[in-house]
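We begin with a single chain expressed as structure tokens, specifically the form predicted alone.
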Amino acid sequence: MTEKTLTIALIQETGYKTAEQSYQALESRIREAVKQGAKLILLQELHSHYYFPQQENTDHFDLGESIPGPTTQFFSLLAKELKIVIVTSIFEKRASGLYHNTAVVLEQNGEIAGCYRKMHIPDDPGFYEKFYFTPGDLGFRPIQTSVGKLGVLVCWDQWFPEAARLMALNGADLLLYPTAIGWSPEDDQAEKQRQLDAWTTVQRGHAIANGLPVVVCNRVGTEEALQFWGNSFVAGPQGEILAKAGESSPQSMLCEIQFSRTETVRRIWPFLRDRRIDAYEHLTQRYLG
């Protein structure tokens, strides 16, 4: 087996009132991470502004932007200068009345390597995303880059094993989740802990079930009614925690991934070999009860 390693940086940040403020803060952290050897940068979900879906407000559609657009242009120049791959998260305006929650992957040469549009869209108190986002139509296809095939998914997608599995079946080298998740003021400490444990556990399960590293970058800090819980982390292909950020502070967290671990783990736990693909036809049904 050929040993291949990749140093990833997760940029866990707060929300900012303007895109320019966020660009400045993120650029500083990215440059710091690159000095420490990072070759792949993962930013949090909708990092260019506050998490606006806490309310249904048509004025918030003014935050939408095209691809290419201001955010991709800014980070494309940075990716090209620093010779790194950057995974951004954008409120995409595709057309009038048609918007997506979109991750854009920028190559080391500054070009757009590919996009992923969030497929699972929540609609809960404080997370009124269905008001803003049309479900994605690009499927679960990894994006080929100079650092590997990136299985990029977004936030609410992280609860669905089908999304992770399809990325794995399409040859992803790792799974990445830009995220914006937090607690509401009504949650007591016990409920907060249950939610955080469930969030971490389900994604570690994706790592185990698919024999892949999982990289999760959450936002942090309090924005209006939501307290974003941070805890960005990287899990290895057996679900082992390789790195974990704190709960309350912005930080740049670096972690080295060894891609050869996927081959090693899949040899001893050959879940893909033993899948009963002849018996799963009902998975396309909504409910069978």
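Only a predicted model underlies this, so the values are computations on that prediction, with no experimental measurement involved. One rule holds for the numbers: they count along the sequence shown, beginning at 1.
Note that the form predicted in complex with another copy of the chain isn't included here; everything after this is about it.
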Legend entry - Residue (of 114, 126, 110, 122) lying close to another copy of the chain in the predicted complex, criterion heavy atoms within 4.5 Å: 122
Legend entry - Candidate site 166, 261 and 280: all three near another copy of the chain in the predicted complex by heavy atom within 4.5 Å: yes
Inset, instruction - With heavy atoms only and a cut-off of 4.5 Å, decide whether residue 20 touches another copy of the chain in the predicted complex. - result: no
Legend entry - Residue contact check: residue 131 to another copy of the chain in the predicted complex, 4.5 Å heavy atom: no
Inset, instruction - Using a 4.5 Å heavy atom cut-off, state whether residue 25 contacts another copy of the chain in the predicted complex. - result: no
Legend entry - Contact flag, residue 93 vs another copy of the chain in the predicted complex, heavy atom cut 4.5 Å: no
Inset, instruction - Heavy atoms, 4.5 Å, another copy of the chain in the predicted complex: which of 72-80, 101-109, 196-204, 214-222 makes the cut? Say which one. - result: 196-204
Inset, instruction - Residue by residue through 147-166, tell me which have a non-hydrogen atom within 4.5 angstroms of another copy of the chain in the predicted complex. - result: 156, 159, 160, 161, 162, 165, 166
